[in-house]
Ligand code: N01
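Below, in structure tokens: the form predicted alone, a single chain.
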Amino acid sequence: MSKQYDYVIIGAGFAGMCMAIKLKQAGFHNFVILERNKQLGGTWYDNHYPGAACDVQSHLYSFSFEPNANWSRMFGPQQEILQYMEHCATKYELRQHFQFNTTVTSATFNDTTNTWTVTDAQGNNYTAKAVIGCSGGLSQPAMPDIKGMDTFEGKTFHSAQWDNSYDLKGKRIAIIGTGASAIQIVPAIAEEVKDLLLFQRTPPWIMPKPDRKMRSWEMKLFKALPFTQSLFRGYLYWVHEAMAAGFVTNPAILRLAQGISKRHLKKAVKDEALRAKLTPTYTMGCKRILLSNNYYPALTRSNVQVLNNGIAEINTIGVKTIDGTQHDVDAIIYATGFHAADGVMAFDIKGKNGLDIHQAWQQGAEAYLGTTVAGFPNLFLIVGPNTGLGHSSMILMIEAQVQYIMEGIKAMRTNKWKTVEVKPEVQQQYNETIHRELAKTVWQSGGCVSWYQNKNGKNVTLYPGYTFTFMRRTKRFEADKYHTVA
């Protein structure tokens, strides 16, 4: 028997929780939040590896409507972010709406009833007027394609599936990948392992991280005078928006930042050979810019090696590099990121007339404002195609999309519309504009291949603009851009 709801939210991370909070505040209470994990948190539940923390200041990486004066550091650690999310779930009475340990396998639109049926891995069905997909771009771990991976007889796991039961002490560990996760993991475990072999394909650009403990007087001030915290958030917001100019307006601006990054590297790494390995050869910003104060120092330790001569294969006892050298290890940790571009949806979606979203997106994922998709009535996506940022907090984009969706839902209630579906020509025109703008950015002209792009080289991940322009576009629901059925 199918469970009946007005709205099914898929995912209990920041996006799903924001959507749920705004639904409740607007008087919509008949909804469920389906979550594959055993508790809320999304990417902040999955990524609990040693050293996990945010790379955007927590006073900006938090809901604008729920400031937290108690952040212990400028950049909140994973556990603290999870605690904040738990607090929000309790304060906004979301607990009764969560259904954990529920992996969605499909969502199908019924042309006759104008409703969606969502099915989970246990075969349970959930019928709803609308589906809001909040599974995010960082939800499907990506594994590399390396010969012999399945033959290794030691311990293996992905950074997003960290095995806390495995004791690293005294072990010889291989880490494959040098992205955002790796630069946090390496310093966190370097002291306790016997040897750490870091297999690097492309060195990242790394900037100093302006992190510090929040001072007690700052916390007291924010609690006593909340407007001071709003001012601080505003300051952080405009600092980050200024950074966007280098990505989307004039990549030459990033040369200044490249100089800062190179000085940061030179100060920490005195060995010229190692420094050469760690110096990027592509334009800064083409790949994700990383922040760390302790990654470079960790690489100078005597028990840490950086290997950049390429992996030939993985065998039963370790990793063999292209030069023929065998590196025996006890464990291999894959810090190889996520399917952010090619694996946009983690489950099957069939829209009007049985249209499969994977077929609709054969050339790359597309949506209008990253939120609605032609051929899929009453389907809304949060952190959908081309909503990612290279310069600021994704919470800003999440809140903007939720605002837009809520305006659409309210319009449906007021006008008694059964469905809203973005017009194909509207979606096409929007995406043509997006990709014209992307062509001017460092992400397309920086001379590198990144996880921002799909296998065809199309950037389906990032928004080529400022967050305030996206907020302005999502402030109201434009009914004229939609087919509606009353």
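The shown structure was predicted, so the numbers you read here are calculated from the model rather than taken from an experiment. The first residue of the sequence shown is number 1, and the count goes up from there.
One more form of this protein, predicted in complex with the ligand, exists but is not displayed; see below.
*Asks:* Among 110 to 118, 170 to 178, 367 to 375, 221 to 229, which stretch sits within 4.5 Å of the ligand in the predicted complex, heavy atoms only?
*Replies:* One stretch meets the cut-off, namely 170 to 178.
*Asks:* Only one of Val426, Leu60, Leu438, Ala53 has a non-hydrogen atom within 4.5 angstroms of the ligand in the predicted complex; which is it?
*Replies:* Residue within 4.5 Å of the partner: Ala53.
*Asks:* Of these, Asn315, Thr202, Thr127, Gln258, which has a heavy atom no more than 4.5 Å from the ligand in the predicted complex?
*Replies:* By the 4.5 Å criterion, the partner-contacting residue is Thr202.
*Asks:* Would the ligand be touched by all three of Pro208, Leu278 and Arg301 in the predicted complex, meaning a heavy atom each within 4.5 Å?
*Replies:* Looking in the predicted complex, the three residues Pro208, Leu278 and Arg301 all stay beyond 4.5 Å of the ligand (heavy atoms).
*Asks:* Since only the chain is shown here, I'm wondering whether Ala335 would be in contact with the ligand in the predicted complex (any heavy atom pair within 4.5 Å).
*Replies:* Close contact exists here: in the predicted complex, Ala335 approaches the ligand to within 4.5 Å, heavy atoms only.
*Asks:* Taking any heavy atom pair closer than or equal to 4.5 Å as contact, tell me whether Trp44 reaches the ligand in the predicted complex.
*Replies:* Result yes; Trp44 sits at the interface with the ligand in the predicted complex.
*Asks:* With a 4.5 Å heavy atom cut-off, would you call Gln184 a contact of the ligand in the predicted complex?
*Replies:* Judged by the heavy-atom cut-off of 4.5 Å, Gln184 is in contact with the ligand in the predicted complex.
*Asks:* At the 4.5 Å heavy atom threshold, is Tyr49 in contact with the ligand in the predicted complex?
*Replies:* Although the ligand is absent here, Tyr49 would touch it in the predicted complex, with heavy atoms inside 4.5 Å.
*Asks:* Going through 360 to 398 from first to last, which residues have a non-hydrogen atom within 4.5 Å of the ligand in the predicted complex?
*Replies:* Sequence-ordered list is empty.
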